[in-house]
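Just one chain is shown here, as structure tokens, and it is the form predicted alone.
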Amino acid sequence: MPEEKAAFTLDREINSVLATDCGSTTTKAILIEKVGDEYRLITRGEAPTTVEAPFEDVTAGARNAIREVEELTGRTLLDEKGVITPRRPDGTGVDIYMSTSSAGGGLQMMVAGVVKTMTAESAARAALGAGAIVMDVIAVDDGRKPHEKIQRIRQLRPDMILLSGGIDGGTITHVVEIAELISAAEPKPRLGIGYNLPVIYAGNKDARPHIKNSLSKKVDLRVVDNLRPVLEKEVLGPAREEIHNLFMEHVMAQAPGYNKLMSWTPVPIMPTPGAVGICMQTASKEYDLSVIGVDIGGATTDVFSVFGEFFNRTVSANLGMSYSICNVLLETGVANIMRWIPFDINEGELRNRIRNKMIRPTTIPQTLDDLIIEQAISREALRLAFIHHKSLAVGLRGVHRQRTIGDTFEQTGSGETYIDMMDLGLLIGSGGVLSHAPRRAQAAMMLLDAFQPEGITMLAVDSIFMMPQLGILSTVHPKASMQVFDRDCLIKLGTAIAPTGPSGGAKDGDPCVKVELEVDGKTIVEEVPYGSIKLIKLEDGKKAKAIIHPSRQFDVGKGHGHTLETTVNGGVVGVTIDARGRVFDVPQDKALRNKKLVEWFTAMNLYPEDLLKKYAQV
């Protein structure tokens, strides 16, 4: 964020904030105000986004969403020029207005690097972390012929290209080759006629003169620090900052009505996923916890992770719950979906139900069977998206090893993921299937089954998906952002206690874990055998001292068989003791599987008990 924008917070005290998120289909507005000593969400409004014909003016949708806030509060926030800022003595207007956007398809990028599993992977991480959708990854070793790469660049028409490659002082040949491919393609941007496509160069500094010679006359070339100055180091900040700048200058400036929207706010408009990422990072710092967040939508599933200094975001563009639901079926297979369904259903009928959801994406489940099937599919979409995320959330290739550029081309795969589920402190879910589940315990169970957290983990869902607005607010007023995030955005489901043990090394019913909870002067003791789940009610806002005794082959964070003393937080679901082991699998035998699913669902009180009994008798 430019320094003159950051200085905004010094001008006056911020007591009221209006923020919008202009999504691809819906524009959402929230009003935050200082109530006593803390900031709270006052109300929210939403309206259809108006970036496309017949309106072709994003501010029309923004005005409609803000008008709903005006009606609900009885206050005037708009005039003919836009949002009234600063707040006037008569109470009209707000102290600051800000906005995020993914309208018009969001930020669409291509990235290019020398080696697919090294610099190209670093470039993808930089783009994804800045809130982009990565359309394709071009690399010297990606298996395509030069003319195929040129055709691909011309065909996709991205908003911008991020080019990286080579360590500082290393060979320049390969990265110059890629620059020449981009030059030969003469790519045109998706938005804006007569504008040159922005290309960010973040590679070997010794190659800069050659890159400028090759590209400067054909594209809008920006040069930033190398993403991988040495093999052991990854520097993503400068590239991400330049992506944000170009997003404002090129993508937003060409989108219908955005120049008008930008004139309403002193804070640069930010890509929606980038703002969510900032919110996750701020939350991780505020709570001093490692955080994983997931947003499962109709077409895509975004996963965010913050572990210490590492932040990553991935977009699984083919995994979603409506438009992309058939891709989930294709990628995971019908058997993996059926393993979460505790009743008999014909494979053909299941496929047809899934296809119906794709062609009627706005429908919602009408029966319990429909709901269970939808939540079974969501488990698989979340599981696959997390696998994809872990494949990119890895340590750097080449660390502590002598190598030449020739060595790196022969290597396959990626480094080990830095995601340590035992270290995970907070798991946040958002998106319709999680945020709007009829019972909160269903959201908790979907997160447990898909992510399989280990040790002690707090589970939460985003109530109304206002993380984008809170993310951009945190760049100006972190305190206000986190107070609203904690009190009005997050719905705390409760704590999960999940011992890890030998995969396949224990049998159902074997001793697994004993948990003692001290609540309001009373001690609750639960012994949970292997293969079972137990739910202990502990209200939201309450804490309990926990003494956890795993049996000798299980671990809750202190080592196998070692007792852990800690404090656990309550929630709307409570404390879940998940003794199914890690990594657990559902039984293959259909009758046994149905029995176990009904047992688990009953323990968590997921669905009406009389209907679960009906399933148990099938």
Partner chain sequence: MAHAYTPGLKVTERAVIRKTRRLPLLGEVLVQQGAAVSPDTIVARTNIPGNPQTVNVANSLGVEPEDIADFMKVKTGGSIKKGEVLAEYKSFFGLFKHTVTSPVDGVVEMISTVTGQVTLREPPIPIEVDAYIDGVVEEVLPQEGVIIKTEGAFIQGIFGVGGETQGVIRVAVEGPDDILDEAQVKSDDKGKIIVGGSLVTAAAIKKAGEVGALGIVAGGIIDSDLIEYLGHDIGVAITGHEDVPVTVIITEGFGRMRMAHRTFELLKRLQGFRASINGATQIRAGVMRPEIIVPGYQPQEVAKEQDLSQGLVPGTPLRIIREPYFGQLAEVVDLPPELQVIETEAHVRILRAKLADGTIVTVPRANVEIIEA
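This one's a predicted model, so the numbers in the text were calculated from it and none came from an experiment. Residue numbers count along the first chain shown, from 1.
From this point on, the text means the form predicted in complex with the partner chain, which you will not see here.
Using a 4.5 angstroms threshold between heavy atoms, E180 counts as touching the partner chain in the model of the complex. Looking at G561, you'd find every heavy atom of it more than 4.5 angstroms from the partner chain in the model of the complex. Using a 4.5 angstroms threshold between heavy atoms, R360 counts as touching the partner chain in the model of the complex.
When the partner chain is considered in the model of the complex, Q151 lines it closely, a heavy atom lying within 4.5 Å. Segments offered: 269-277, 513-521, 170-178, 253-261. Contacting the partner chain in the model of the complex at heavy atom distances within 4.5 Å is 170-178.
Among the residues D555, E70, E33, E46, the one placing a heavy atom within 4.5 Å of the partner chain in the model of the complex is E46. Though the partner chain is absent from this view, in the model of the complex it lies within 4.5 Å of a heavy atom of just one residue from K479, R144, R353, K543, which is R353. Residues of 197-212 that come within 4.5 Å of the partner chain in the model of the complex, judged by any heavy atom, reduce to H210 alone.
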